[in-house]
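Next up is one chain by itself, shown in structure tokens, the form predicted alone.
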Amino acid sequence: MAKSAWNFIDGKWQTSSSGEIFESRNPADQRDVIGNYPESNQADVEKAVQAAEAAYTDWRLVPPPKRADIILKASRILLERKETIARLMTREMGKVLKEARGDVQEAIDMAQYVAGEGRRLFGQTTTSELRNKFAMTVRMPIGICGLITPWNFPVAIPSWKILPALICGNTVVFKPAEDTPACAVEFVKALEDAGLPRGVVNMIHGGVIAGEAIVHHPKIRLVSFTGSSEVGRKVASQCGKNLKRCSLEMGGKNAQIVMEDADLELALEGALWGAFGTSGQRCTATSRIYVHQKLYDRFRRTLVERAKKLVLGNGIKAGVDVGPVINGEQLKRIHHYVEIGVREGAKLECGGRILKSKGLERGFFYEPTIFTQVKPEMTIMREEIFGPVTCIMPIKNFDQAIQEVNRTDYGLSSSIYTHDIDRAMKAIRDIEAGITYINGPTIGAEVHLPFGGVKCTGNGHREAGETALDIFSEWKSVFIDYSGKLQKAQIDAD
């Protein structure tokens, strides 16, 4: 029996002004309806903004360690509910259960980390150029933050945005993805049950109408968006018109390099996990693999053999390696890219099919797919597919590998497998990406390190780690003159 859930505004669960609903269904079995959710409109966003504005008056004055107490309590609640939320996540968005548990754990880790920042919202004290004058900097909250999150990490990514916003003293209007509303509800319930004051976090379900209302609302002073580069450009354009702070985390076309001195087994494990974990639906997924020509044949042959052995199915079942993709539209998009790859002359080594065999016919399953005989200018080597598809290309040397890795409009994650410390250090220096792994896959972020990329991957901000505070707070410079007379900086500095 499907459940109904509502928007969360001013500490109350309530229906949408539109009266319309949408369904959340299991991508592994479309007969399974998780629940019905409100299709929100501008009026709902307006209510949420009003609640956030009223709550901001007091919340910004709550001492950060007290804010941290609530966030830390939320981490404990999430830990208690980890298995329940993970199973819901697998049911709602399809990732296998062990990955869903990791998603929830990432939110727990983020809550614990951000709670620690409640006593580390450090500024600086510094010297003044004038006598009897003191100077320092402090962090100040921004105001109401509009946070728009995707479906592929439906608990972790909201935690990356909501929790740093809260610790800095902001209030929030949160819109989760339409494909994963149930997971968002559970995250907000953890904050509610932790004692978060009413109006501090408000959640609006819905699609484009609700999202655009958040981006355009004049009282929302910051928009943080994770999603496609196409939508991100529109968000940035609108925010720019209104001189509104905007943080974007968008796509990737991530590459793994395998040099001739690499641990071949380790590189294969990394490629398999990086390309097909979460059914390739990660912005850090390994979609290009450059292998030294001395290892190329062995690597290609073994990776294809192992990809063919991956078990597809409902991620709640033991032994399943790869779950479904998120919805029918994404399934068609992935297959469209595969058809383009074949048409442009790439060799399909394995996969390339929408699966409708027994046990999979009710879901959105795509075979793990590997292309070879690819060229840099091919569409599948340039554009983000966001599915279980990767390409392998031979390279002659390290310099060619770096050149090919950088031949993309994106710059999120990268990886190199080598035992040569000189190559490793040069890769760190020369690869154009926000993240570089040495002897590890392109996926696997940790909450205390900055996350984000260059070029079309983002607009310069970094989520997670201490750097997230720079998104959600303003710097204020403070001068205290105790000379008892007018002092003119630069003029009286002699």
Ligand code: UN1
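Quick note: we count residues from 1 along the sequence shown, nothing fancier. It should be emphasised that the depicted structure is a prediction, and the values quoted were computed from it without experimental measurement.
If you look for the form predicted together with this ligand, you will not find it shown, but the lines that follow are about it.
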| query | finding |
| --- | --- |
| Contact check for F153, E249 and T284 against this ligand in the model of the complex, heavy atom at 4.5 Å | yes |
| Heavy atom within 4.5 Å of this ligand in the model of the complex - the one residue of P450, P64, G35, G444 that qualifies | G444 |
| Option touching this ligand, based on a heavy atom within 4.5 Å in the model of the complex, out of I157, A165, V258, M110 | I157 |
| Partner-facing stretch of 145-153, 335-343, 350-358, 82-90, counted where any non-hydrogen atom is within 4.5 angstroms of this ligand in the model of the complex | 145-153 |
| E106: touches this ligand in the model of the complex, heavy atom cutoff 4.5 angstroms | yes |
